[in-house]
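In the form predicted on its own, a lone chain appears below as structure tokens.
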């Protein structure tokens, strides 16, 4: 997971790229077999361990999703963390400190 958090004025812009195949279960491999469904179901973002964003995703999100969101109330040095859980129980977490 790659992350960036930049404070401009009172608003922090957070950008995240999550490495994940995000398979819909409808695509076929080279042998004509369906590739099993595999997608991120839940994404949670926190600011200093307090939840600020929660999203439920489905199969309509592309491979290696790119996410941008804005939040108020963050200061330089605050910790923003993003975690996810997919339909197979796999998880991922990343965090970054707010910069100017």
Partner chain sequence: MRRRDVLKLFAGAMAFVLLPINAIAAGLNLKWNKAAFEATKLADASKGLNISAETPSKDIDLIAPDRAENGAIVQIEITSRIPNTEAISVLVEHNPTVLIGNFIFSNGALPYLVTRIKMAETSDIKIIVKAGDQYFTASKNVVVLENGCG
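Positions refer to the first chain, counted from 1. Computed from a predicted structure; not experimentally measured.
FYI, the form predicted together with the partner chain isn't displayed, but the following is about it.
Q: Taking the partner chain as it sits in the model of the complex, is residue 70 near enough to touch it, meaning that at least one heavy atom pair lies within 4.5 angstroms?
A: Close contact exists here: in the model of the complex, residue 70 approaches the partner chain to within 4.5 Å, heavy atoms only.
Q: Does the partner chain come within 4.5 Å of any heavy atom of residue 54 in the model of the complex?
A: Residue-level check for residue 54: yes, a contact with the partner chain.
Q: Do residue 19 and the partner chain come within 4.5 Å of each other in the model of the complex, heavy atoms counted?
A: Residue-level check for residue 19: no, no contact with the partner chain.
Q: Please run the contact check for residue 48 against the partner chain in the model of the complex: heavy atoms, 4.5 angstroms, yes or no?
A: Close contact is absent here: in the model of the complex, residue 48 is far from the partner chain, nothing within 4.5 Å, heavy atoms only.
Q: Heavy atom within 4.5 Å of the partner chain in the model of the complex: which residues of 16-51 qualify?
A: If the 4.5 Å heavy-atom criterion is applied to the partner chain in the model of the complex, 16-51 yields 22, 24, 26, 27, 39, 41, 42, 43, 44, 50, 51.
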